[in-house]
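The chain below stands alone and is given as C-alpha cells, in the form predicted alone.
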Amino acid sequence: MHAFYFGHSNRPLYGVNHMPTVAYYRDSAVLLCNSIGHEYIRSHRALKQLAIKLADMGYYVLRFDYNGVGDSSGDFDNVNLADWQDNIMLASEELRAISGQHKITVIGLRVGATLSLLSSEQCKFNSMILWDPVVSGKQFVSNLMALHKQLLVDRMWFVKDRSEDDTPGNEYLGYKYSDNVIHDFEKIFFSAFNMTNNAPVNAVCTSAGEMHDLNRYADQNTDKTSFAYVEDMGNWQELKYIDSSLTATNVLHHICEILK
C-alpha cells in the first residue's frame, strides 16, 4: 500500500495504490470511486478493505479522493461534478501508468457510481460495478435535506433544537455543497445514462426500494447489465447510521466473486 499525490500540480489528488500481494497479476486493474460528504466518511474503511481483498486476488487497485474531499486539494464548497469527472479521468490514467494495465474495472459507490457512469465513455472502462448507485440526483439532495432537518432536532445530537437558520445555505450534515453541485445533481437521473459503452455493468443494491428503481431500467441493456440485490448494511436514508462505519461483508464478497 503506497500513498501519494498525482494529477495537476496546482490541484493534486490524494491516492493510495494497492499492489498485488500474490505472485500472479491479473490482466486488468481496479479503480475505486467513493461517495462524497458524510457517505465518504462512512464508507472509507469498507473501500480500504475491498482494496486489500482485491490486491490479495492479484489486482492493482487505486483508491483516491476527489478535489475538495478527504486529503485531496481544494474546497468541498467550490467544486462541481465536472471537476470530479475530471478527477476520475486523471485517476484512471494514473492507474494505467502505475499498473502497466490497459484494462480497468471501476467500482463506484453511491455518488461514485453515478460519477463513474458519467465518466465511462471518456475513461474507456472495460467493466463497471455500481454499488448502491444514486438513481436520482434530485432525490439524493432531497434525502440530504431531510436527514439534516432530522439531525437538528435529534436529542442524540443536540440538547436543544436547532433551526435551519443556524447553518449556512446548502450545508447538509456538516458539509456545505456548492450551488454548482446542487444544480448538477438536479439534472442527474439514472435512465439518462449511457450504460453500455461496450462495457459490462454489474449493479449491486442493498436496498429493496432502490433495487425496485434500478430494475425499471434493467431492460435497457440486458445482455451487458446485471442487477443484484445483496442484503447488507447501507441504510443511506436513516439518520441513526449517518456516522456509523459501513460494514459490508456480503457486498464485498459479492464484488470479489464478480472479479474472480
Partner chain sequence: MKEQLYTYGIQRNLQGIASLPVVVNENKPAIILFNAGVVHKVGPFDINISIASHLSSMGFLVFRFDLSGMGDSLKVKDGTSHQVTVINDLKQTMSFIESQYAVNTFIMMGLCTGADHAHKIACEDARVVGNVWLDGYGYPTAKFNFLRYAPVFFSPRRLVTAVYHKLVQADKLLKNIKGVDAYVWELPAKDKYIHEMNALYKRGVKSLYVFSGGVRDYYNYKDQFADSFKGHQFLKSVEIEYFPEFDHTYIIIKDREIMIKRVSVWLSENF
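No experiment lies behind these values; they were computed from the predicted model shown. Residue numbers count along the first chain shown, from 1.
What comes next is about the form predicted in complex with its partner chain, which is not displayed.
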(request) Could you tell me which of 227 to 235, 23 to 31, 203 to 211, 62 to 70 sits within 4.5 Å of its partner chain in the predicted complex, going by non-hydrogen atoms? (result) 62 to 70
(message) Within 4.5 Å, heavy atoms only, which of Met57, Ala199, Ala46, Ile41 is in contact with its partner chain in the predicted complex?
(response) Ile41
(request) Mark Arg162 yes when one of its heavy atoms lies within 4.5 Å of a heavy atom of its partner chain in the predicted complex, and no otherwise. (result) yes
(message) I'd like to check something about Met145: if you look in the predicted complex, is any of its heavy atoms closer than or equal to 4.5 Å to a heavy atom of its partner chain?
(response) no
(request) Determine whether any heavy atom of Cys256 comes within 4.5 Å of a heavy atom of its partner chain in the predicted complex, and answer yes or no. (result) no
(message) With the partner left out here, check for me: in the predicted complex, does some heavy atom of Glu171 sit within 4.5 Å of its partner chain?
(response) yes
(message) If you apply a 4.5 angstroms heavy atom cut-off, which residues in 1 to 36 are near its partner chain in the predicted complex?
(response) Met1, His2, Ala3, Phe4, Tyr5, Tyr14, Val16
